[in-house]
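Before any questions on binding or motion, here is one chain by itself as structure tokens, the form predicted on its own.
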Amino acid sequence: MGGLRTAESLRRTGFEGEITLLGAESEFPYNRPPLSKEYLLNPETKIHFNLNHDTLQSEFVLGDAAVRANLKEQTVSTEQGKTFTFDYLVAATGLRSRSLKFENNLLTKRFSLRTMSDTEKLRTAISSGMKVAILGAGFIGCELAATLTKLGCSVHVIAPEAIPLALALGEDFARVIQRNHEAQGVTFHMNTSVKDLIGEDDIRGVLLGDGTTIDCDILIEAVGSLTNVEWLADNNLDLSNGLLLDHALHAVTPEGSLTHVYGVGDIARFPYAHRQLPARRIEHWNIPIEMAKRVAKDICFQEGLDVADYSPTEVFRPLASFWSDQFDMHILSYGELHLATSTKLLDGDFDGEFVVGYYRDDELVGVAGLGMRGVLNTYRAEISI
């Protein structure tokens, strides 16, 4: 999505040069949030973005991952041996699923969820009545737990933290999510981890750290992700946690910013506008859209085009947002909840719908709600990041 939105923004802003989109997946760009929800439930769900090729006027090179970039020579090489030259490079290669290693490191009937292909493989493997173990109680793990329960599976979620989603939403909010899951039949095993896998040729169960075992027909790992930045190595970039950028979303080297190289989306680590905090990555759906608009304006400005209301010194300052649907719960958030040092119930109550405020030094840095979207939206303008 980050690459597509950048190409679209370039055309809208007046860029007339050649645009090539390189992608590791063989699919045209699609929407990822439905993968753990609607698309897993129903393969007829439309997830591909609408493409106006006449307007986009771009070349898609699909199923051929970038493996090496030479930023001085301004080339990108691909897995299939192709080499592309560029005047501007936008790195929007996203994430891949993280996988754990076990002594009995079985792979059969073991899944993760990041791509359209991952969802299709999982859907083919599951059937009603199956026992499913999910490692990880973040958003993907909890969304999968809800979807698979709807499909008739018996779901066990295993995670080292005390409360699912507490790190993202805070303990009070997270307890409500856990109670609602448990009311639908999901079983949580918290404050523990998987020590090993059980089975010979394929997975039959998992051994937990406390010695208990859980039988399962399939195992799903939802234990985080890794940034796809290896192809950018050997260019003097900071790739320690994604690609480090400056305030204009240019890649950064010790010698200064590279004004012809940009980052967009989940791999992009960018600085705060007015806070003395380390640069951060934000893996939310709206961030690559906002980044794409900014990058397109900067490229067009460098090309000498008339870019209305744009200054290259303008600091990129997006308002992050995310949502998550689990059973009949609709969770919506604005801001950066992880910055908070305290929380406050702003409206409603934890037995029904509610809105929570997240504060740092008495400043509102985020809001999140279960339902109550209209009330939640009234706080957006008060958020200070």
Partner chain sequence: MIKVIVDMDKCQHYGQCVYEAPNIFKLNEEDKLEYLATADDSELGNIQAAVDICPMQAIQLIKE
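Fair warning: this is a prediction, and the values are worked out from it, not measured in the lab. Residue numbers count along the first chain shown, from 1.
Missing here is the form predicted together with its partner chain; even so, the following discussion is about that form.
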Original post:
Out of 282, 289, 151, 207, which one falls within 4.5 Å of its partner chain in the model of the complex, going by heavy atoms?
Top reply: 289
Original post:
Of 21, 372, 365, 24, which residue is found within 4.5 angstroms of its partner chain in the model of the complex when only non-hydrogen atoms are counted?
Top reply: 372
Original post:
Can we say 38, 293 and 332 each have a non-hydrogen atom within 4.5 Å of its partner chain in the model of the complex?
Top reply: yes
**OP:** Just one of 61 to 69, 30 to 38, 356 to 364, 341 to 349 has residues with a heavy atom within 4.5 Å of its partner chain in the model of the complex, so point it out.
**Re:** 30 to 38
**OP:** Please run the contact check for residue 336 against its partner chain in the model of the complex: heavy atoms, 4.5 angstroms, yes or no?
**Re:** no
**OP:** Counting only non-hydrogen atoms and a 4.5 Å cut-off, give the residues of 1 to 28 close to its partner chain in the model of the complex.
**Re:** 5, 8, 12
